[in-house]
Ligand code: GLA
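Here you get one chain, nothing else, as structure tokens; it is the form predicted alone.
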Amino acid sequence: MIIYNKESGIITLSTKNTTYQMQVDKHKYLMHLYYGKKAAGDFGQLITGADRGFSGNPFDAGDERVYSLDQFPLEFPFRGSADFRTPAFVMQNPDGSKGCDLRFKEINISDKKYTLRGLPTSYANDGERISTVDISLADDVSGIEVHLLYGVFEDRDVITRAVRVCNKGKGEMKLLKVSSASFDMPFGDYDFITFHGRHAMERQFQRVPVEHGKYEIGSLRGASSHQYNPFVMLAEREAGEYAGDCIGIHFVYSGNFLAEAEKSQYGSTRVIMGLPDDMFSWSLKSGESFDAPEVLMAYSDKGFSELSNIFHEFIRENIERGYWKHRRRPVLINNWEATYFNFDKEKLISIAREASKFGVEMLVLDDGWFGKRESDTSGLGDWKVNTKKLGGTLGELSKEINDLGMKFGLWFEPEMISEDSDLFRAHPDWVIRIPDRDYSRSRFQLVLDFSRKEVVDYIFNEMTEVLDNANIAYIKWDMNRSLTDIYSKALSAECQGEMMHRFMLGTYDLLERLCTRYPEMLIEGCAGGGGRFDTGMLAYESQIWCSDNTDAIDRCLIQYGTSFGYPTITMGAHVSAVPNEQTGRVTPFETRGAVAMPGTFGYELDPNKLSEEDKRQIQEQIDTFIEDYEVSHFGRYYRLSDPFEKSEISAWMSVAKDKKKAIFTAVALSAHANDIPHFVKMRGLDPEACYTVKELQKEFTGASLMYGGLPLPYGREYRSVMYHLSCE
């Protein structure tokens, strides 16, 4: 619900459990008042002013020396207001000056969700309560208008934000920074929670205090990156997993980003999320407009767990779309770690035939099926089936796989091109590189300039030629290189700052066209594993390969961090062979299955090389995965331990919405002689109900399991337990 009180200037956005409030003040500046637990009333008392040295005053404030934007909580801070904190918006005028004066112009409220040109956004389902408000701020001198767009999903407890900049003046303006969301907390001590990492160790939990100064994370790699995820949290110092105030912020975008947290000289905290000011500029001619990507925001006064579950449900219901939204994803086997590039038709059929005996539902043919591609140094861009290597057409191969009762999937890396490829030799101008300079190498592959429509059109036609001539049910979309040497031959010198964002728009365009043409296609995202794991991609890709690291113990850490912002149904997770390819670690087969089962689930191995006991476990794992799916992937998710703080165990559970069923999993990360007992308290159960734990053949009250806990069995390192709870 959205209420605008014209007399007081108060704008209140309300969801089921939260209130977000702004105010248009007497000088028509937009102030941020409050975001938190649902509350009635006017929070205007939170704006306080004083005559402070070196804090400037707007011209029309006259002799009001207590009125300074340098100390007030602003909703959308801009450069040029005598506010010396980090701005959300910076523009350059035709005369080279970098300043504007954004004042409230008008407000429009509707019951339809806004959309953004060329960008993924959340959406409302039929029957959902949704309100949208468009607050326009204008700079009368330049003619620039900034439209702050808010979507209020009342029942989901989520507020979305986006920004549209319109040039209604006569001159050409240049946008230098356009953030999608900003808010100021006038007082309080907070922590900034982010998820850092690297290739094969993504989304590691990190919590730092917001002290005086500025803390920021982001990416300039052309993808949201392995290094930092575009999901952050602002939490009160005492907030934890199950108690305390916290705010979560998702950037619905898959390219460069910047998230900032700053504590001012007067103790206020400013948080900003959006496009970075580095490697970005956008020329805006008279009559043109620019849409900045969407942000999702949610608040919880019950700690991180409640915040996570708000986002989990929202992503499942209001970001993901299409055929696979509510369907169980097929159990697949990928040939990559089984064969790498060394495969032929006979080997693929052998893997599929053996896997089909255990109930595996899809074979995915990974890299190496096209062009001259016997290693990662050639062939990208030449999306022509290598019929010699496959012993026939892809259509023939897919039919043989289908005849085994399995679906067939295929790997692509659409944005990339190898130096050794026919496409590069024909169109060297299609790659991203700076003219007359040597370019950076990465796997001897370069990046196609997807800011150019003709390049995107070409790749779309090449991909559809393949997809139209075989029965392909799944695409694995990979991206194995960061963008460097940024330059596009299609853009003028003045517009080169647009290239990175235009590249992302081209990628979204290709994905949108594929989703439209093949509405039942399951697309799994990948960028060297989890290098582009974000809500922007999840609008097109139903799942994302969580990490190239398939080691079960490392995956406990990776999936723990991922779970703060993303639901299990989006996490690509497989059982791989041991010793593990990435770490050399040997873990029990049952543990590898227990860790992968909360994700999309599949196998990354050659089943012909497994023992009979391992083959038996595959059948059991698949049966369990299918039986548990509704609870494990659509239930409420609880992190029961912090594997970073308490390194001995990792534990989690999923609970059905009606609380009648639950699945508890724990993994021993280390072991010691004469070990101490480890107890884990469960969450989310009905304390009055009596639960039967199937594997223990015992009954417990929900209260005893939640308030007392359950001792884990003694065992060796890397052992796992999985308990199924039910009550009637």
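The numbering used is simple: start at 1 and walk along the sequence shown. None of the values given here were measured: they were computed from a predicted structure.
This next part talks about the form predicted together with ligand GLA, which is not shown.
Visitor: Quick one: in the model of the complex, does every one of Pro77, Lys177 and Ser182 get a heavy atom within 4.5 Å of ligand GLA?
Guide: Checking in the model of the complex: none of Pro77, Lys177 and Ser182 is within 4.5 Å of ligand GLA.
Visitor: Taking 4.5 angstroms as the cut-off for heavy atoms, does Gly528 touch ligand GLA in the model of the complex?
Guide: It does: once ligand GLA is placed as it appears in the model of the complex, Gly528 has a heavy atom within 4.5 Å of it.
Visitor: Report whether the minimum heavy atom distance between Phe257 and ligand GLA in the model of the complex is within 4.5 Å.
Guide: Because no heavy atom of Phe257 falls inside 4.5 Å of ligand GLA in the model of the complex, the answer is no.
Visitor: Even though the partner isn't displayed, in the model of the complex is Arg443 close enough to ligand GLA, meaning a heavy atom within 4.5 Å?
Guide: Answer yes; at least one heavy atom of Arg443 falls within 4.5 Å of ligand GLA in the model of the complex.
Visitor: Should Asp551 be counted as a contact of ligand GLA in the model of the complex, where contact means heavy atoms within 4.5 Å?
Guide: Judged by the heavy-atom cut-off of 4.5 Å, Asp551 is well away from ligand GLA in the model of the complex.
Visitor: If contact means any heavy atom within 4.5 Å, which of 628-636, 305-313, 126-134, 361-369 contacts ligand GLA in the model of the complex?
Guide: Among the candidates, contact is made by 361-369.
Visitor: Considering ligand GLA in the model of the complex, which of Ser398, Asn480, Thr194, Thr121 comes within 4.5 Å of it through any heavy atom?
Guide: By the 4.5 Å heavy-atom cutoff, the listed residue in contact is Asn480.
Visitor: Answer with one of His147, Lys476, Arg221, Arg85: the residue that has a non-hydrogen atom within 4.5 Å of ligand GLA in the model of the complex.
Guide: Checked against the cut-off, the match is Lys476.
Visitor: Only counting heavy atoms and a 4.5 Å limit, does any residue of 128-160 reach ligand GLA in the model of the complex, and if so which ones?
Guide: Heavy-atom contacts to ligand GLA in the model of the complex: nothing from 128-160.
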